[in-house]
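Quick setup: one chain, the form predicted on its own, written in structure tokens, and binding and motion questions come after.
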């Protein structure tokens, strides 16, 4: 190996092996010595110890290849069609891109959710990317045909701004307004986008006698990211919004991560004049993949398989991800010691 190749190979070794190697060829390294200083110490002795250093590197590389070729557990072997062989980066990135355009056909659950709003409130609990926005748009169309006011809320001003842009493209800018803490555009539009706190405050005013006559025409309230009901600090805002929402308005709650949607549906049914229908499924339209990007630009699958593990107990890290984790921790530890 050249000196550059040797130094690069040393940088790939775990910190504990570097310390052991430094102890063998140059005596015990100082306790506060970081990875770069240990590599420098080893390189200083490389001229007379290169064979020993290369042997240690080859031994470690052989061990890593052996580990990568064998599944860690029977469960891993069963989950991986390649009998435990770690997924490569090509397989991880395969299929990523813009799909070919094709006619849109709503899923059965989307049609069911829109129809259920005719009979009462609806909770939609489906994975991210499944098409919750389609339900919101179609429900908004129906409410507009009935000349009702629609309110769409989100927990963040940034998300409200995004929805304002989206709905303006669908329904036209003259039909959509926005009210947040620092923005108020077209407030008399039939479709109003706002943060949940703003709607709660409007309902507070109505309950206190300062009635906005437009509440009489309110036909649909859409609460996006409704899992915030469980937030220790902000959850009360969603609860009060639901409690004070006018009885003639239908409520549509959207979320990808409600842990107890059945209980939430039962609660809405108990406090609202109409029953609450739960629309739920767990099949992902867009499968998830997990990767790890090291600060040096190296990308690797996070798990040994391309697909996400079916459960946390079967989550086995990719060997390359483990190595990059170790590098990052060692570099971060060395940097914190230097700054200290």
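Numbering follows the first chain given and starts at 1. No experiment lies behind these values; they were computed from the predicted model shown.
What comes next is about the form predicted together with a small molecule, which is not displayed.
Asks: Could you tell me which stretch in 175-183, 143-151, 244-252, 100-108 has residues with non-hydrogen atoms within 4.5 Å of the small molecule in the predicted complex?
Replies: Heavy atoms within 4.5 Å of the small molecule in the predicted complex occur in 100-108.
Asks: Counting non-hydrogen atoms within 4.5 angstroms of the small molecule in the predicted complex, say which of 133, 217, 269, 162 makes the cut.
Replies: Only one option qualifies, and that one is 133.
Asks: I need to confirm a contact call. Of 90, 259, 95, 129, which residue comes within 4.5 Å of the small molecule in the predicted complex, counting heavy atoms only?
Replies: Only one listed residue qualifies here, and that residue is 129.
Asks: Hey, in the predicted complex, is residue 121 touching the small molecule, heavy atoms inside 4.5 Å?
Replies: Heavy-atom contact with the small molecule at 4.5 Å: absent for residue 121.
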